[in-house]
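A lone chain, given as structure tokens: the form predicted on its own.
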């Protein structure tokens, strides 16, 4: 069997990553597509590129190819047979007297075992089928969708290659269901919604990466949510029960006495309802009332009598 260097075909090294293999394939597939290239060998080159990619993109197939070369589909079986043959598992007379041509038996055995595979391989090369490319996309959703779920309509276009080699652009519109509890960075897989397959091959998949829209109130770290809660000085000093909004709905927060600026209160399980759910961290932000009237000024004057020195530990 003629050795086919699939790495050379795709223009990548033997240590190439899966992403480098994918990029190499896409670049060459566009260059040698029969509908684009005027090279009389374009169709042949296009099929060879597709054949190489089908093997190298699959970790298991690539491992066998690295070990057995172009004969990767049957090499492992042949090696196992050779071991058994050498150990007497095949080629003995099985109790018969006399002898026979074991080399012929060896040849006939492979013809029986692998002949159909070679025929199938030849047919496969003539009727080359290729799975469609997977498509990666991303959408931004409000944090509320992560709490309650939702639906987003997306519009995009994909390229389709007909059996005669023509490339067409197909518009697609899909309603994507946003599952409750999804986190930023996670992906939704829509099977069969990627690029169409070539020559009867199955469609690729669509992978949609979820990102959160920037929110004016909440920030997110993983599944945890942070919110700065404005409080009055007396609420922080004396303690209070405050009704505050959260992405999951209004909650009542018990603010302990002597709460200081920047103090964090953790509400377990009130973050993104993932598995496991995140937490809600409330960060205390003490706001001072302005001294813009006589009553407010009088209150601040009275506070001078507290002998409070905010710089007692300032500078060590």
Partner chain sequence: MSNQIEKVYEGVVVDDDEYISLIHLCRYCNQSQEEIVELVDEGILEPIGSLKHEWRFNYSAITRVKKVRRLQKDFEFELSTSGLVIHLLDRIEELESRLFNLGC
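Computed from a predicted structure; not experimentally measured. Throughout, rigid core stands for the largest set of C-alpha atoms superposing within 1.5 Å between the two forms. Residue numbers count along the first chain shown, from 1.
Keep in mind the form predicted in complex with the partner chain is missing from the figure; the text below concerns it.
Participant: Look up in the predicted complex whether residue 33 has a non-hydrogen atom within 4.5 angstroms of the partner chain, and give yes or no.
Facilitator: Although the partner chain is absent here, residue 33 would touch it in the predicted complex, with heavy atoms inside 4.5 Å.
Participant: Is residue 160 close enough to touch the partner chain in the predicted complex, meaning at least one heavy atom pair within 4.5 Å?
Facilitator: No, residue 160 sits far enough from the partner chain in the predicted complex that none of its heavy atoms falls within 4.5 Å.
Participant: According to a 4.5 angstroms non-hydrogen atom cut-off, is residue 147 in contact with the partner chain in the predicted complex?
Facilitator: No.
Participant: Is there a heavy atom of residue 198 no more than 4.5 Å from a heavy atom of the partner chain in the predicted complex?
Facilitator: No, no contact at 4.5 Å.
Participant: Going by heavy atoms within 4.5 Å, which of 277 to 285, 255 to 263, 33 to 41, 58 to 66 lines up against the partner chain in the predicted complex?
Facilitator: Heavy atoms within 4.5 Å of the partner chain in the predicted complex occur in 33 to 41.
Participant: Pick from 177, 138, 155, 243: which has a non-hydrogen atom within 4.5 Å of the partner chain in the predicted complex?
Facilitator: Of 177, 138, 155, 243, the residue with a heavy atom within 4.5 Å of the partner chain in the predicted complex is 177.
Participant: Considering only 200 to 215, what residues come within 4.5 Å of the partner chain in the predicted complex, judged by heavy atoms?
Facilitator: Contacting residues: 202, 205, 207, 209, 212, 213, 214.
Participant: Superposing on the rigid core, is the Cα displacement of residue 34 between this form and the one not shown 2 Å or more?
Facilitator: Residue 34: C-alpha displaced by 2 Å or more between this form and the one not shown.
Participant: Answer yes if the CA of residue 280 moves 2 Å or more between this form and the one not shown after aligning the rigid core, and no otherwise.
Facilitator: Shift of 2 Å or more: no.
Participant: Would you say residue 47 moves between this form and the one not shown, meaning its CA shifts by 2 Å or more once the core is fitted?
Facilitator: Shift of 2 Å or more: yes.
Participant: Answer with closer or farther for the CA-CA spacing of residue 47 and residue 136 in the predicted complex compared to the shown form; it moves by 3 Å or more.
Facilitator: Distance between the C-alphas of residue 47 and residue 136: shorter in the predicted complex, by 3 Å or more.
Participant: If the C-alpha spacing of residue 49 and residue 206 moves by 3 Å or more in the predicted complex, is that a move closer or farther apart?
Facilitator: More distant in the predicted complex, by 3 Å or more.
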